[in-house]
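The form predicted alone is given below as one chain in structure tokens.
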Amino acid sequence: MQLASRKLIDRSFTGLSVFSIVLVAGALVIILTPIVGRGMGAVFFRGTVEHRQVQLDLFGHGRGEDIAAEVAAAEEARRQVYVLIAEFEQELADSIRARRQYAEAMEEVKAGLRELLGPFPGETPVLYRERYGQTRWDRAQIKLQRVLYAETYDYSDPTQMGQKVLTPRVEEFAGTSLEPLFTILPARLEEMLRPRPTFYWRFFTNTATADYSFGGIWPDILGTFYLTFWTILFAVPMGIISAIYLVEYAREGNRIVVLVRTCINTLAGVPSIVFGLFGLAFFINTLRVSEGRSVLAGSLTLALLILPLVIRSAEEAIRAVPHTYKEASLSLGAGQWRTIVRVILPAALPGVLTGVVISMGRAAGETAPIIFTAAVSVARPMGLWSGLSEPTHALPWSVYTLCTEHKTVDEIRHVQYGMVFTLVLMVLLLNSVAILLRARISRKLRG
């Protein structure tokens, strides 16, 4: 091949490599930007007096005197709203015609006000999320629009789907004693909710209520960490020992060894949901490592999931160690096992840690295997050792359930993004620790 042709090919491959790196970086930016932006919204937002009241009532955070003064001022600003509602309800009670005309619309207005400002005076709802108004100013703006406008759909064009039409409620209640409400509410909403910039760092340390309406995600963070920790603890030793056997002891071409390698390669491509079903059938129903879902069962299942990756990465790292290292050790009188432990493994450790880093990220983010073996929607924070036989929260599972099964999914959208952001941050943190450890070991090996 001519020199000019080789240079052209080299430049082409260099350009493709640079393009690939830019493409991957751009994809990461596109994916991570909304996650980071909206995820930070769970921590940085304009919190209303309802948020501060929730923090005091449910978690004991904040100064009671200051919050009581704010609540009193907010209630005073809301008093006129409740007076208008009471006067209009009295008119409905006195007139059958007015009751027939306005009763349904009035119930919609009252339902919207309950969501916006909380229960009316004298009401005590059973559910926690109904005992308070909007805790976030952005959500309060959305609820305000639902009070001010009635939603209807126009189906006049049969060739298109129904078009949403917003009709001002003030037109519907024009001429009644309730008409001033639709002017007072938007004008004095800030006085009624008293929003202010909030840094809610306790989102990472508080325990959430059962429906995640209030509180934080500490049990989910803790459960994810425990599952990842025990998974790595189970998978890494087994993976390294298997890799040592395949590289140093197994005979090439042996039928059993070929079968084992085939099984390892096959397991690497098995869908994760299959591992979840296997963990339920084997670890819980057959071995009975726990009475039901537990951290132990989930960790063992995840360990099997990442085991092929750990074996392959460890095997390649061991093969990459120069053969002269082994020859020098054996020539000095060291046995094979001592050579492996004292010479080959330390030299292969940076490569092994690379596989561990990748496996760690996958174990932390898997949802399907823990659906059947470990995760539940309601659990309590637990200890590292005492919680092995108990089910747990986990960030991937909680994100899935909140997005698909929660009744008020739009109300807690910030929690979902906050969980995703925390999971990404947690994986990056765990990977960073492993990468720093790998770099330190590599420097020691280089002397």
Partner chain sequence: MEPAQSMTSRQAPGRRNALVLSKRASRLNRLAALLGHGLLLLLTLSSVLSVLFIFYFIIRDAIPFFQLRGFREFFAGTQWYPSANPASFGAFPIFLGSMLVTAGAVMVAVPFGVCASVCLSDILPFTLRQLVKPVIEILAAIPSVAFGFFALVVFAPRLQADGGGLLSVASWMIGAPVAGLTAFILSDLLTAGLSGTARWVGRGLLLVVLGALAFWGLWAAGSFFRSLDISSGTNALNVSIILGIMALPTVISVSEDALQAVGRELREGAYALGSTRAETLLRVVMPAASSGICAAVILGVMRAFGETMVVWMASGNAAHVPSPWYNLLQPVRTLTATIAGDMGEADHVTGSERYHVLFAMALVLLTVSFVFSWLSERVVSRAVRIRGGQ
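Treat the numbers as computed from the prediction; the structure is a model and nothing was measured. Residue numbers count along the first chain shown, from 1. For clarity, a rigid core is taken as the largest C-alpha set superposing within 1.5 Å between two forms.
From this point on, the text means the form predicted in complex with the partner chain, which you will not see here.
In the predicted bound form, which of the listed residues (L388, L32, L58, V43) lies with a heavy atom within 4.5 Å of the partner chain?
Exactly one listed residue reaches within 4.5 Å, namely L32.
Just one of P271, P168, P322, P125 has a heavy atom within 4.5 angstroms of the partner chain in the predicted bound form, so which one?
Spelling it out, the residue with a heavy atom inside the cut-off is P271.
Would I435 show up as a contact with the partner chain in the predicted bound form if we use heavy atoms at 4.5 Å?
Output for I435 is yes: heavy atoms within 4.5 Å of the partner chain.
According to a 4.5 angstroms non-hydrogen atom cut-off, is H406 in contact with the partner chain in the predicted bound form?
Heavy-atom contact with the partner chain at 4.5 Å: absent for H406.
Although the partner isn't part of this model, could you tell me whether P396 comes within 4.5 Å of the partner chain in the predicted bound form, counting any heavy atom of the residue?
So P396 counts as contacting the partner chain.
Please tell me whether any heavy atom belonging to N206 falls inside 4.5 Å of a heavy atom of the partner chain, as the geometry stands in the predicted bound form.
No, no contact at 4.5 Å.
Looking at heavy atoms inside 4.5 Å, which stretch does the partner chain contact in the predicted bound form, given the options 143-151, 125-133, 281-289, 84-92?
Flagged stretch: 281-289.
For the stretch 11-40, I need every residue with any heavy atom inside 4.5 Å of the partner chain in the predicted bound form, listed N to C.
Sequence-ordered list: S12, F13, T14, L16, S17, V18, F19, S20, I21, L23, V24, A25, A27, L28, I30, I31, L32, P34, I35.
Align on the rigid core first; then say whether the Cα of R288 has moved by at least 2 Å between this form and the one not shown.
No, R288 moves less than 2 Å.
Would you say G122 moves between this form and the one not shown, meaning its CA shifts by 2 Å or more once the core is fitted?
No, the C-alpha moves less than 2 Å.
Using a rigid core superposition, assess whether G335 undergoes a CA shift of 2 Å or more between this form and the one not shown.
G335: C-alpha displaced by 2 Å or more between this form and the one not shown.
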